[in-house]
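First, one chain by itself: the form predicted alone, in structure tokens.
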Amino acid sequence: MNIFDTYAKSLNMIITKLGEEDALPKGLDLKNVTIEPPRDASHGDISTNIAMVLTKQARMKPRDIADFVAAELAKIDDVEKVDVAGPGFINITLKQSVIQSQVTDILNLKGKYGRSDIGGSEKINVEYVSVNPTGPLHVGHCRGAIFGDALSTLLEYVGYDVTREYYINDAGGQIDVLARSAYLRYEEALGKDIGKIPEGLYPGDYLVPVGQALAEKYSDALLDKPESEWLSDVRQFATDAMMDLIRADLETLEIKHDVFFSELTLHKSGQIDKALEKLEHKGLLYTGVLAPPKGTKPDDWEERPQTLFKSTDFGDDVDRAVKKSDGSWTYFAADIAYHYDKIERGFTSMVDVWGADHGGYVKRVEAVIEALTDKKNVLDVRLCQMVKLLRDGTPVKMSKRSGAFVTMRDIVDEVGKDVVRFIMLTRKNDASLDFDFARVTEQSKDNPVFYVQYAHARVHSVLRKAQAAFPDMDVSTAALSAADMTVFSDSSELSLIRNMMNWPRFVESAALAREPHRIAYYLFDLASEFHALWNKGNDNLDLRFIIEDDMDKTLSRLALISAVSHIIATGLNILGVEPVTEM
């Protein structure tokens, strides 16, 4: 149950009624109306700006509109009082019994509390990771992988039909470099002294097993052969090996994809030609010459006629090349075809999760989606900033080029999957993030993943102790939901319930904003309130969760904290973190 959605519907009905009674004009647009908790909790439980939103449409003073609406809201049975504040804000205070009853709703719905259908089963494609298959994943890839996976789960939770996708960049020059690097390791596996890895090849030891596997498959059949005879086979073999490695890395974080899409298939299937023909039919391709790069002109730069897309017609800075002067496709051409393929597969919305270094690429891809679909389809690019690795405040250096980078698997092996996933979601995706190995494993309030996990485990510890104190007490969900909720009268208890009451609205807003880090924030806030109530019980014995001589009141308190654990478990599951019951 989303109580804020309930009152949104009530306001809609009230405006319709007032329109029929000629107190307000008919057909007023409510799309910009907000229904949310007031910033100051002393102002009530629900606040709305409806009067200010409608004043221009209705050509009335906001206070006059607010007075009409407030009078109707006051007639609702669950409402204790309605106040009009300032220029026309309407603040609603619910009856205490309504607040108390939320615990029953949460317990009855369990993990479904907060679910909604705002997505309307819309098909949405979330593409994330999509790392060049040239080596294992490092910490930067880790953040985008976790963000994309958590976002996918969040969108599914609110009713979207999500496809999780990985785009394999297996058609570019970097794959030739991979093949040459793997071939060098193949020579090494057959006993050849390869010396220092040449500049420009991948030096990492992760290619040693690939070379050994090549030797097992081909023996010396490829040895001393010209590159033209082995490049194609070694390319495919090495690419497959790297994708197996990447999938294994992702598995350590329990990240899976529904689709692995090969760029190479776009070239072989003629999909690039098909997509560009559509742009050409719209008159959006032409032969032209790009201006030299901004800044110092390279010595070898020269004007070359190329096939260009009119990207500037759609807000980009310059037009973009899709075919080089030698007739080969640019990387952008393959990207156009790939997104066109998504459109043809029926995705009306697409989310691409990229590294921050791809920020300059966003406008051109957004432009081509707008061009291909006449603005009917939406592309939302989410950039993930790099992660700074620290150990006790000292930077941990990494360099993918030297082969000495810190892999994602290294991090997971050291601190665990749950810690990595949660910490990577404690900042907005486009904000920098520090990952300190010492801090993320300490057991204190300063470590958010510990603090949230501890709250969940603490509830289950109380449940175990309660069953020991009252062996005959039924602590099933049915029994807890039937407990007397009217015992909750302390301000801390009611504040905790109001916080939980906000969960459904919070989930929806996080999904619509495409910001799963909001879930981590919410869970930390909820855990903090729970721990504060626990501490308050140390001073006020009547607020303790287990009251030894009162089984009924104990059952009610267990109902309250079980509701907390249900929401924490639900939120952690969205983030891909296991809710532990013991620590």
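Just so we're on the same page, rigid core means the largest C-alpha set that superposes within 1.5 Å between forms. One rule holds for the numbers: they count along the sequence shown, beginning at 1. Keep in mind the model is a prediction, meaning the values are calculated, not measured.
One more form of this protein exists, namely the form predicted in complex with the RNA; it is left out here, but the text below deals with it.
- Put simply, Tyr451 is close to the RNA in the predicted bound form: some heavy atom of it is within 4.5 Å.
- Although the partner is absent here, Ser349 lies well away from the RNA in the predicted bound form, with no heavy atom inside 4.5 Å.
- In the predicted bound form, no heavy atom of Leu28 sits within 4.5 Å of the RNA.
- Of the heavy atoms in Met551, none are within 4.5 Å of the RNA in the predicted bound form.
- For the candidate spot formed by Met13, Gly288 and Gly416, no residue has a non-hydrogen atom within 4.5 angstroms of the RNA in the predicted bound form.
- The candidate stretches are 270-278, 224-232, 238-246, 326-334, and the one lying within 4.5 Å of the RNA in the predicted bound form by heavy atoms is 326-334.
- Site annotation in the predicted bound form: the residue of Asn169, Gln100, Thr407, Thr163 reaching within 4.5 Å of the RNA with a heavy atom is Asn169.
- Listed residues Pro198, Gly120, Gly173, Gly191 were compared with the RNA in the predicted bound form; Gly173 is the one with a heavy atom within 4.5 Å.
- Contacts between 227-243 and the RNA, taken as any heavy atom within 4.5 Å in the predicted bound form, involve no residue at all.
- Remark: with the core as the superposition reference, the CA shift of Asp326 between the shown form and the other one reaches 2 Å or more.
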